[in-house]
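To begin, one chain is listed below as structure tokens, in the form predicted alone.
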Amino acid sequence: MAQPITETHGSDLRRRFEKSKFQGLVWAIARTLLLLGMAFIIVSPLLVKISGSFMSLEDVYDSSVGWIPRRPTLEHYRVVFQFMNYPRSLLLTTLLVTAVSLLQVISCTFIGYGLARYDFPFKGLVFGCVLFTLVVPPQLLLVPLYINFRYFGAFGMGPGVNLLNTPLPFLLMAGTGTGIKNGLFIYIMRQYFKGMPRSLEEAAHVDGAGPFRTFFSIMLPAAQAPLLVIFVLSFAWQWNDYFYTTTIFQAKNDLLVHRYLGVVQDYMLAFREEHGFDAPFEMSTMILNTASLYYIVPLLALFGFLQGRFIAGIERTGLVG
């Protein structure tokens, strides 16, 4: 028989419940403070750049000014917009990065699908070489990369053609699966296609579909999540790359990374030519902060627009955990 709940027993249950509720509240507050602290550490460099981009020279010299400028100005944005030739640089960079990202998505999808669904000699060795590219420092590839595209030719024969200072090296590397971080993208697609059931292909073959129709009609539509992840990551890495970009585009041009790296020097030279003396050192910091915002705003807009689908794609591809 069930024992009746006495008054002492009931008060003990209430105390336990209130204690548990209090512990849960304390843990929730501690977790919130921890997350806010981590978020501040991550966001604080961006906040410093935003604050510095609005500061006038008087605010820099004023020791009482911290984060919020007392005499805000938009002059830095006007100057950087002019010296970065921003509309043209943004357009050219967006076109190049988008083309490279799309080619990387196409090439890595085909390579990953072949490694996942087909058997051929030395398949394990090929996949091992793909993974090995993830640990090779790009500095080791600098000399052979330069020679290859400086004297580009069929099988390395003949005097070759100079492809430097053109977008062709980026497009060739992306289209052949040897671009920036392509090893990771191939691995993502290989793991995703490997996890798809064989019954999908078998059913397509029973219906008379060939390998290409099976890939384009069955397998590819089901891989929208990893395709989006690869495109966003490829776009971000290609946008932020300056090693390959400055190696291939040696002459000064209107790509955004070149304009960003040279905006302070160009401004200082123009200031000296106009005024006859060097600009204050603090101006270079404010110019660089403003140029950084111009540089990263397109990426922030892309992530903000695709944030929900990108996070869902990351979870579906198994890159978390």
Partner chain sequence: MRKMSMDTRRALTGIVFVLPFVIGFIAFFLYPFILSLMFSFSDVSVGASGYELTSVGLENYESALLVHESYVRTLTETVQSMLANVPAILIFSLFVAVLLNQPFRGRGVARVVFFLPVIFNCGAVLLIENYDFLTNTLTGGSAASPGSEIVTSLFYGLKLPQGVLGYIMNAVRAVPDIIKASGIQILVFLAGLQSVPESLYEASAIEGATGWETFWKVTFPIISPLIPTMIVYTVIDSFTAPNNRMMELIQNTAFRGMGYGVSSAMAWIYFVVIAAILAFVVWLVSKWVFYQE
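Positions refer to the first chain, counted from 1. Just so it is clear, the model here is predicted, and its values are computed rather than measured.
What comes next is about the form predicted in complex with its partner chain, which does not appear here.
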>> At 4.5 Å between heavy atoms, only one of the stretches 220-228, 78-86, 91-99, 144-152 reaches its partner chain in the predicted complex; which one is it?
In response: 144-152
>> Counting any non-hydrogen atom inside 4.5 Å, which residue from 161, 172, 209, 200 sits next to its partner chain in the predicted complex?
In response: 172
> Applying a 4.5 Å heavy atom distance criterion, does residue 73 contact its partner chain in the predicted complex?
Replying inline: no
> Does its partner chain get within 4.5 angstroms of any non-hydrogen atom of residue 166 in the predicted complex?
Replying inline: no
> residue 285: heavy atom within 4.5 Å of its partner chain in the predicted complex?
Replying inline: yes
> How about residue 60: is it within 4.5 Å of its partner chain in the predicted complex, going by heavy atoms?
Replying inline: yes
> Considering only 231-248, what residues come within 4.5 Å of its partner chain in the predicted complex, judged by heavy atoms?
Replying inline: 232, 233, 236, 237, 240, 242, 243, 246, 247
